[in-house]
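We begin with a single chain expressed as structure tokens, specifically the form predicted on its own.
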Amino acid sequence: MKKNNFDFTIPQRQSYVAILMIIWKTYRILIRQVFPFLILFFVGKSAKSNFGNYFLYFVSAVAVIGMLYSIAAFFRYYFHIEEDKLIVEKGIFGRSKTIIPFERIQTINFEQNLAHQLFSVLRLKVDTAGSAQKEFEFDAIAKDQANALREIILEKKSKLQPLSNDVVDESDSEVIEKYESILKLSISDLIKVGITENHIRSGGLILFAMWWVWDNLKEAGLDPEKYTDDIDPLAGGLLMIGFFIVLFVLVSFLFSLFRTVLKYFGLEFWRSKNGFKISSGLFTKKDTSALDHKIQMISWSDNLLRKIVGYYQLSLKQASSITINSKSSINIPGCRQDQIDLVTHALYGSKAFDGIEMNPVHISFMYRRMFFTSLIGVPAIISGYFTGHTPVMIIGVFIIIYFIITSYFRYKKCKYGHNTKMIMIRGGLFGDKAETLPIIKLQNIEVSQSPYQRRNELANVKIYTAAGSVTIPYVEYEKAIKLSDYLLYKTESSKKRWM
């Protein structure tokens, strides 16, 4: 292993580039707080008043104070290594000292945005076990210094004795171990992933933006509707709908493709002895690790487009010391079934899913969805009937037919099953989705009933883990209780660690 020239026993500062990062974070918070007042200042009549001038002076003064505070915060921030601990001291008016034992460090991840890449520095994030706060991070550290710090921490961590006899070695010796490549997205793979992304989600954002523009045109005194007064309502309406459908599909596709390239450019996915590692990003490069014992659930899904090319989106959901959100999951697009099998075999063994018999949920799940979702089309039918607009009625009928069909598909695909070690829940609409988790990872089970379910002796089973929850809907009540009792028994009687 290559030796480094850094003596971390001596208190050290971050790179001077961190000053820019701290200033940016301070200004971002400031702008978020005063943004409504800035809108009033620039748009309202008060822009020409003395109050407007005083407000501008106030914002300028706060900006200068924020810059000076950021600079002072940088020079009062030190870190060093003391035996088997990482020590961080910070604070301007009051000093705080944070002690992070190496055995509590779970992963050390790197991140680079454009500014980091320009100055050849890294943002270093330290994920610790048992913390009620967010990940501990350094804003900007030189690459060599960051790599040396991670190398020392992981080397010493690997030599520490377990805290107890039933606790296995948690270390992920990223520096010493060699990684086995599972997936590497080429440019052609990246384009395929972008093409098969969820364009409806992107289209929703675009529709919101178009509505915002339309509304602001009317606020500015430009009424777009007056330009369509001389157009035949039926022909013009159908023409307008067709135009917007084509525009919607095209822009949604381009937006999804652009977002995919930015997020997953150069994606590589590796396996080590004790975990996984993923690196990706064009403007913001992220290097993220996930240890086996932190992974609580694995899910994979496809859609109609992904089915054509044989792709799945794989998600590794980790235990998080903070509020569960998407950042505690690692998403890997463009995976094929054999690569998913590599991941599940590495974590659970090649026979983990043997003997799982999938059970359907109660048919009431389909009927209830059909009834309530179909109600969305009723107002369109009623409105079209009383106003004489046949196309509106037709749209309402198509909405009802659509939700009837989709409710049937959701019911047919919604299944659950388990063996002595694993739970599997399947679902989806036009695509398929599978969620799997070891029984020993569950933390709590909730069996709930709505008034309708209570009358029909049905229940929902909600399974909680440290990485979120999954729900099995509309299970016969007796089966739900037996399932809950069995899973809790297996969890409580297991001697294995869940973390």
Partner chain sequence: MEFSNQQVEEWELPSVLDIKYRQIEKKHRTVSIIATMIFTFIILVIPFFINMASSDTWFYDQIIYILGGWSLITGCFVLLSFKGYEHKGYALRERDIIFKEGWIWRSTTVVPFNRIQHTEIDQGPIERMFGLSKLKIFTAGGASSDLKIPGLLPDTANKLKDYIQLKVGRDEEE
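Residue numbers count along the first chain shown, from 1. From a predicted model like this one, the values you see are computed outputs, not experimental measurements.
As for the form predicted in complex with its partner chain, it is not shown, yet the points below apply to it.
When contacts are judged by a 4.5 Å heavy atom cut-off, residue 432 does not count as touching its partner chain in the model of the complex. A residue is said to contact a partner when one of its heavy atoms sits within 4.5 Å of a partner heavy atom; residue 20 fails this definition for its partner chain in the model of the complex, lying far away. Although the partner is absent here, residue 12 lies well away from its partner chain in the model of the complex, with no heavy atom inside 4.5 Å. Using a 4.5 Å cutoff between non-hydrogen atoms, residue 60 does not count as a contact of its partner chain in the model of the complex. Only one of the listed residues (30, 56, 440, 67) places a non-hydrogen atom within 4.5 angstroms of its partner chain in the model of the complex, and that residue is 440. Heavy atoms closer than or equal to 4.5 Å to its partner chain in the model of the complex belong, across 425-458, to the residues 440, 442, 443, 444, 445, 446, 447, 448, 449, 450, 451, 454, ordered by sequence position.
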